[in-house]
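Coming up is one lone chain in structure tokens, specifically the form predicted on its own.
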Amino acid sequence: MKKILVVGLGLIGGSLAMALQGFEDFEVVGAVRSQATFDKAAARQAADRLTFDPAGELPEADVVVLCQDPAGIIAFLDEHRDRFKPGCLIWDVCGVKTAVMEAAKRLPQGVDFIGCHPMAGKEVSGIDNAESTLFRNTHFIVTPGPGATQEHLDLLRRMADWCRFGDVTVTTPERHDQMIAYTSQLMHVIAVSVCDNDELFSCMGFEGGSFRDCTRVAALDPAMWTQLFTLNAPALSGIVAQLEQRIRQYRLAIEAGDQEALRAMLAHASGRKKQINLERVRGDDVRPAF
């Protein structure tokens, strides 16, 4: 029997280990660090087998899925670069790709690293909140390295299908990081900025759905998101600067009472949102698979 080693059984790793059970002729082994996570994962049958020793599993692992935070993934690749099984497939779930793909260049020849990013999650973390259905109808982004084999790309696609991802998008690490700075990281910057306001606690009872939607992701993991923001600093700082300029334009129009300017800006943005909603209804947002 072949082996899939999932390193890190938090929300994403735990959900992947659950979702991948029964895939072809693979045994799913979950690697954990703490006894508490081990016990919870065992109670939830999160993997076919659990271990505290991922290094000991690496020489026989045909697929390794790295589900730590960005620094943990980079450190794991450095520390264990010579333990991976020759010809194995390694993929990760990190929200930034350029830095991780750069670290993967130090792996021995014949070890195939393919960067991945499952676009799924919750406001909560940990194995307690993992579920096998987390990835259904979500996007799966893939950033292959220059040495990626078609055999491994095909295997990765079959795993994505087994986990019920809605579609698979192939792109470069640089393009991924640019897009994620806008669609994900900027949204987190906005959410935490709104929650920094002194009115947060006094507004209880006055917040509607728009406020809850805007701030939903603000209850984040500060350590992990500090890593994500700093590892993607060039792309994220640029997109934040663009937002600052647009917000300034709204403020100036509001202060001046310039209804014509406000109406024009609102109509432009509203029209763009309606257009993308229509494209989604038509299915135009489905990306080609590899």
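Not measured: the values here are computed from a predicted model. All residue numbers refer to positions in the sequence shown, first residue = 1.
The same protein has a further form, the form predicted together with another copy of the chain, not shown here; the description that follows concerns it.
**Asked** Looking at another copy of the chain in the model of the complex, is some heavy atom of each of 195, 198 and 207 within 4.5 Å of it?
**Response** Judged in the model of the complex, 195, 198 and 207 all sit within 4.5 Å of another copy of the chain.
**Request:** Note which of 36, 43, 223, 55 lies within 4.5 Å of another copy of the chain in the model of the complex, where distance is taken over heavy atoms; exactly one does.
**Result:** After the contact test, the surviving option is 223.
**Asked** With another copy of the chain left out of view, which of 111, 179, 153, 103 would have a heavy atom within 4.5 Å of it in the model of the complex?
**Response** Only one listed residue qualifies here, and that residue is 179.
**Asked** Can you say which of 244-252, 43-51, 56-64, 26-34 gets within 4.5 Å of another copy of the chain in the model of the complex, counting heavy atoms only?
**Response** One stretch meets the cut-off, namely 244-252.
**Item:** Exercise: residue 98 in contact with another copy of the chain in the model of the complex, heavy atom 4.5 Å
**Value:** The answer is no: residue 98 has no heavy atom within 4.5 Å of another copy of the chain.
**Request:** State yes or no: in the model of the complex, is some non-hydrogen atom of residue 158 no more than 4.5 angstroms from a non-hydrogen atom of another copy of the chain?
**Result:** Residue 158: no contact with another copy of the chain in the model of the complex.
**Asked** So in the model of the complex, does residue 175 come within 4.5 Å of another copy of the chain, heavy atom to heavy atom?
**Response** Residue-level check for residue 175: yes, a contact with another copy of the chain.
**Message:** Considering non-hydrogen atoms and a 4.5 Å limit, does another copy of the chain approach residue 139 in the model of the complex?
**Reply:** Yes, residue 139 is a contact residue.
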